[in-house]
Structures are given as C-alpha cells and as structure tokens.
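Below, in structure tokens: the form predicted on its own, a single chain.
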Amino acid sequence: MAQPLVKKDDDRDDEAEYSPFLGIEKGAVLQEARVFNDPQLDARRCSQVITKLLYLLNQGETFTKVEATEVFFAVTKLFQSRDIGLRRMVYLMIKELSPSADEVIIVTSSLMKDMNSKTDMYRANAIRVLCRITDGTLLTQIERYLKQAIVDKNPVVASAALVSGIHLLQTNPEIVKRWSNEVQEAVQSRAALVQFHALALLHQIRQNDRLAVSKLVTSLTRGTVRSPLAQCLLIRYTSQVIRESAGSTQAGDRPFYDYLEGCLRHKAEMVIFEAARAITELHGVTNRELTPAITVLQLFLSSSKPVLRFAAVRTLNKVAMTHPMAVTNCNIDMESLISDQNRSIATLAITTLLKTGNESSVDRLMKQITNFMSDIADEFKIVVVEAIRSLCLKFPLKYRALMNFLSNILREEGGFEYKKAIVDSIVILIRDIPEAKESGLLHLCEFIEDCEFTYLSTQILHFLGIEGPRTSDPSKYIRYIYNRVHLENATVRASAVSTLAKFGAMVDSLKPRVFILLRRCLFDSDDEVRDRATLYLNTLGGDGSVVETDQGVKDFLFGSLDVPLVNLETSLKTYEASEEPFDINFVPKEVKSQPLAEKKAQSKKPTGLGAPPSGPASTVDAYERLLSSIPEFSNFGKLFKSSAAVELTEAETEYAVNVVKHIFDRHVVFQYNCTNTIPEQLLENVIVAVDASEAEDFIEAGSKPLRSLPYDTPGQTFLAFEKPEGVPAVGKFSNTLRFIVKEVDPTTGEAEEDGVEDEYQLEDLEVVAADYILKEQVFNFRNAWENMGPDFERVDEYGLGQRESLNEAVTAVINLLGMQPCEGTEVIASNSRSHTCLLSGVYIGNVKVLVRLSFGIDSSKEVAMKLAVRSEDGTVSDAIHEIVASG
C-alpha cells in the first residue's frame, strides 16, 4: 500500500523504487530513535532518523502521548552536539512535535541560549521555534530579544523575527503591536526579504485602521521600497486603499494611480505584472487608464518565459469580460499562443479570442479550435465550451456554425462535467435563440441514443417534454424518446414515460399513438415505470382519442409545484390522518429559518449571496401554531406571511429587542422578541407601547404582555392592529419598551418584592408594501409568464434618477417589491449598461404575480426602467405599479 503514495506519476516509477522512505514503519523508526541516547553521537545517523520521523509526521502518522514524549526528551539530548546540520534538524523536530506546556520548559533554556548565540543560524532558528511553542507569559520574557532581532544586521535573523511576529499576531496581538517602531525601522532595510516581511507585518498590525494604512501607503509610495517582493505587496495595499476611497473621491480623481502606472516601468517583471493586474482590477476603470497596462501585458505575451505568458493571457482574459474592445489590439499575439506547448496558455488564449473576436472572425476561430480540442484535458474543454456559448449569444446569426461545433464535440469522448457543460450550452442556446430550437433538440436526441450518463439523459428528456410539443413537427421526437423505454435503466425509462405523456397531453393529434406506447409500458419490470404509465393513462383519458386535454389535468400532471419541497415534506410528516383530507393549499409557500425568539447577537447573519441556505419550514408552522394558541388572535384567520426579524435595539445594549411582522388578511400582529442582558435585574409586565399616529389605516385590536423576563431568557410580547381587508396598508410605528424592573440578589438569585416602573426607547418600525408580497420561486419563468397570459398585464416606464450603478437600481426595486428574483437575474454583469430582472411572488389574497423589469443606464448615470406585470387579477397588477410609482 505504501508504493502508490510515494509515486506521483508514471514518469517517476524509477524514483519511487529508490525512495529511502518506501515502506518505513513507525515502530521501526522509534526503535532507531534510541541512537539519540548514545554517548558518542553520530550526527549523520541522528539526522537520518529525524528525517524519517518528520516524514511520518507529515504523512499524517499520529504518535501517542507516550511516544511523542519519549521522542521529545530523546531529541533534547541532541543539543549537546555541535553539528550545525543536526542542530537545524533538532529545531524542526521540536516545532513539529508541538510539545505540551510542561515539556516546553525543558528546552526553553537551551533555545534562549541559542537565541543569544554568536552563530546566526542558531539565533534565527531558535527564534522561530520559541515563538512557535511558547505561550504569552514566556513571550513577555523574551520580547526584548525579539525586538533586537527585528533590527539585527543579519537579514536571516531579522526575517526570522518578523515572520514569527506575523504568526504571533494571531495569538498575542497586544504584544506584537508594541513592536511597531522596530518593524517600521526594518521596512527601511536594504535586505529584500527583511523589507518584504517587515511590510507584511506592519500592514497586519495596522489593517483595522484605514487611516493608518492610507498613511503607510502614502509614505512608502514615494520611493523608499527597493525589494521587488515588498513592492508587489505595496501595490496590493495601494489597490486596497484605492478601493476603499472610491466612494469618497470625486470622479476622475483616482488617488495613487500615478504610482501604479509608474510601477509599469519597474525593472522587475513581477512588479510590472502586479501593477498591470492592479490597474485592470480597479473599480470603474476607463479605457484610458487601461491602455498602459494592456500594452505591458501585450509585451509579456511574446515572452520566452511560460509563466509570464500565462500570467498575461489570464489577466487579459479577465479584462475581456468587461472591456473586450480594449483587448482587441492583442488578438494577433494571442492567436500565435493557440499552438503554445502549455495547454493552459493555449486555452486562455482561445477563450479570450472568443470574447474579443468579431462576427467575421467566428468561422476562422472555429477551425482553429477544432484542431485544438483533441489535445486538451476536460477541464480546459469546459472553459472553451462556456466561451463558445457566450459568443453564440453575442452573435445569434452564427448559431448554425457554433451549434454544429457543440454537437460534434458532444459525440466525442469525455467525462460527465464536460458533457454536462455542452448540454447546458445547447439548452441555453435553444431557449435564447428561437431559430436554434429545432436543430438543437435533434442534436440532443442523437446524443441520448448513446449517452452513458443517467443524469444527462433524464435532464434532456425533461427538456424535450417542455420544448418538443411546441415545435412545428413534434412527432419526429417520439422515436428517440420511446427508444429509451427499451434500451435504458429504470430511471431513464421512467423519465421517458413522463416525456411521452407530456407529448400526449400537449399535442392532441399525437394522443392515440402515445397511448399505445404508454400501454406497452404497463408491463415494464420496474414498478416506478408501471406506476407512471398507469397514472398518465388514467388521468389523460382512457380511450386515447383525439380530444383536447383538460387544462386542469395538464396543471396537475406537469404544472410547476407552487410550494417548496421542504415545506411539503414537513407538512406531510405532521399531517394526522382524519376525515379531513390533506390540502396542499395550506402548505406554507415561504421557507423561513428565523427562530421565534432570537437573541440580538444571534440575529446578525449574513444575507444575500453569502447567506446560508434557509432552514426547514417548521418555523413557519410554529409561528402559526403560536399565534392561534393566543385567544386574542385565534380568530384572525390564515396567516399569510411572517417577516424576518427586524432589530429595534443596537448591539451590546441593556435589552435586546427584535420584532417579527405577521400579516393576516385584516390584521397585522407585531411579535416583539425580548432578551434581558442584565444579570442583576428581573423585568415584569413587559409590553411595547406603540404610537401609530403615522399609520392612519391601522387601529389597535389587542395585545398580550409578557409577565416575566429573567436574565438571558428570551420572551415575547404581542400587539395586534386591524387594517382594511386585502389592502396593503403602510405606516410608521414608534415603539417604547415599558416594564417593572426588580433587583435580583446575585447570591440567592431571588428578586425583590418591590419594583420600579421604567421604559426603554426602541427604534421605529415600518410596515411597507413588500410585507404584503410573499416570495415564491418559479423555476421556469418563461413558461409561467406565458401561462399567466396577457389579460391582466400592465406595462409602464419609470425614471429612477441618478444611481451609482445599475446594480444599485436593481437591488432597490427588488427590495421595494419584496419579490423573489428568478433564474439568477438579480446578478448583474460588471459595467453592464442594461439588464433584465425577473421576479415572482404571491400578493395578499393568494394572487400570483410575475414581474419583468428592464433597466438601462446612460452616460450621466440616469437609470430608466420598464415594468411589465402579469397577475391573476388586474387590480393587483395596478397595485404593483402604484408601489413602484410611490416608492
């Protein structure tokens, strides 16, 4: 079993046979470690044993506490040897063993002696080991030596101290921060590595102080940094300062740009590249600013060094995503890289050319790529496929050549991820380019005739069921689908049965033929296939005559599920068998994970893309059960929506309060989740007094105070308001927490009998239009939009004024409406001038709403928006427009 671990690839078989570590065992090496106790030490033999021990540790071998202790004490005896090579191995071994606090004392004196040695190699290594194994108490004793080492004349010693400081900053930051003066002095060192490490440590010490970092960058950009490595670090810190100051500087006034441009003329290639990359990554970079960086990268493309060619073409590839015209001057140089021996460089070159090429160059590029594809690995092929997909969407008229290319490579050998990328690309092209539908579906049909991946076969069959019936001749796809029933595994057969049924339901003329095929499926060996065939035969109409399928049957069999699966699963688990049947309409449509009563600290969770996935729907059910159990609110009817918790207090205050808004048809209930963070107090008769003078449509309808609120035990108090039925009433509410406070004896934990009335001012709370719209995910927006129909469609255009970016405008409208973005349309490409966003939701009264937003931004940053709304009720479509107009 040991040999494959040692062998890295086939070319190194001979090396593996002669590896000194091949097949070594921990027990045998521990026996060999006894040589550390010999009176006459053999330095070479001891070094070999330590090497074996280090190898075992780095291979993941674990030593028991007893074994590690024995080895540690044996290694400490080697300090008596004066052999420099062995001493360095001893340092390494002590670092790797990570001795306990009791054992550290044994070697501390030896290490401190070495730290003051005249041998610089001893000093440097002793500093590294001491800082690795010591705790804060010992660190204060050696702090003076470490400060001296930072400014030591020997660069090896100074670098060792600085690197140790970088590691110690994670565990003992207060000690390291006291070294600022010495570190600042080391930044001026003439030794390249010392300056590099000193700058890295100084930045880490000041990283939480934006002003201090800005001053550091300002002082160093004047030319005091000589080390190329340190210069690269400084460029990165400069980019950070530019990003952070982007909002405060005026247009056209970009600080430190001259410094970055000056670095493009540096003699070190790494500095030139770092500066060029920093310029290309500047937010809102202009073509004028990009030009010098692109010129430098173009020179790197013809370099004899593969690493420079790779770095340049990768950076240009990223620039081409946002500024394709700026990269077109490099196209001739990149075309020569298509035949580069390094396949990574060739792949990046071809994908960049696909992004920057024009319509006339497509055919020529396709010929070059065809020869190129057979020589590269699947991971590179996927990158090329994605680039071709983007090119086809950019030049729709070239879809024939590009679709044929994709179909040809689909027939070639390749792994799952590669084939999936091709299939996904063809599907996207079919959806976005209507002319490509017929040829694209036929290419997919031919692929599933010889597809080895079950997942891809089922996905293609599902897609065929959606798009196939809408083509000019749906019957030509039936043969490919029915072949799957005979030639594939049970999973694919079941998917093929569903696809056949879709054709029968959507194309009335095909129904008799489809019924004959479905009846044959009743004798399948798999129960899932038989069950599906039985369901479709009985639901679509048993005789299979040429009649139109009822719309309700289509919706039941093939309509999208209106509720999240996790909610449906939870509701089915909690359903108790009774005379009343299970009703899917009572399954909550929004997934929530906000607990009923959550502490202030727990509520600070990331939102947006970085947020964790929502939890199960049990919380939604719990809210409904909780509210129905309160007599004052039990007759309010079905709960429509509960909001996320809104914080009404700041962090680290005496009382933590957040509120959840529960929306009913005629009522709104505020659930105030309160936490008492003062151990010496008990709060009683807790209630929130609300001033609703700025919410004219709301009338107070009841409340439920909280009798007692002990320390660190969350509790809830409720307040209900009545509002006009079915109307999205909005308003602002002022909140004051009122209670009786009683002192608590810390020794006995008992509260005093007498208390004092007190109050605590909370933040204002708003009920907004978005509270009356429930987010609902739609997985195929185009189908849902077409099925909704234009009967209650309302379209209008709006001016949104000046905005910093299109992204800001899109986010503002999404937040205003409180609807669910579909198909990832909330994400906007950088520097995009136009964007379409798709939203879906359910309006109060259980009315489905779909929204299509089209945005555009001009050179003066004025944003215009076209809003198209479709719903099941015209008044709801009008209401959505009113929300946007008044927002």
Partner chain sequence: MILAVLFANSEGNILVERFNGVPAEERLHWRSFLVKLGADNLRGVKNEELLVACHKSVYIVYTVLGDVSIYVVGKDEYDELALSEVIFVITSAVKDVCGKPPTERLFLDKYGKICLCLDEIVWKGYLENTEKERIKRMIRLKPPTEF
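Numbering follows the first chain given and starts at 1. Bear in mind the structure is a predicted one, so any value in this text is a computation, not a measurement.
Not on display, but discussed next: the form predicted in complex with the partner chain.
Put simply, of Q148, S498, S734, Q204 only one has a heavy atom within 4.5 Å of the partner chain in the model of the complex, and it is Q204. Only one of the listed residues (M334, C674, A160, I422) places a non-hydrogen atom within 4.5 angstroms of the partner chain in the model of the complex, and that residue is A160. Of the stretches 257-265, 706-714, 161-169, 682-690, only 161-169 has residues with a heavy atom within 4.5 Å of the partner chain in the model of the complex. Contact check for R513: no non-hydrogen atom falls within 4.5 Å of the partner chain in the model of the complex. In the model of the complex, the partner chain lies within 4.5 Å of some heavy atom of G60.
Taking non-hydrogen atoms only, T825 never approaches the partner chain to within 4.5 angstroms in the model of the complex.
Under a 4.5 angstroms non-hydrogen atom cutoff, the partner chain in the model of the complex lacks D771 among its neighbouring residues. Residues M121, R128 and F273 are all found to lie within 4.5 Å of the partner chain in the model of the complex, as judged by heavy atom distances. Looking at 275-311, the residues that come within 4.5 Å of the partner chain in the model of the complex, counting any heavy atom, are R277, P306, V307, L308, F310, A311.
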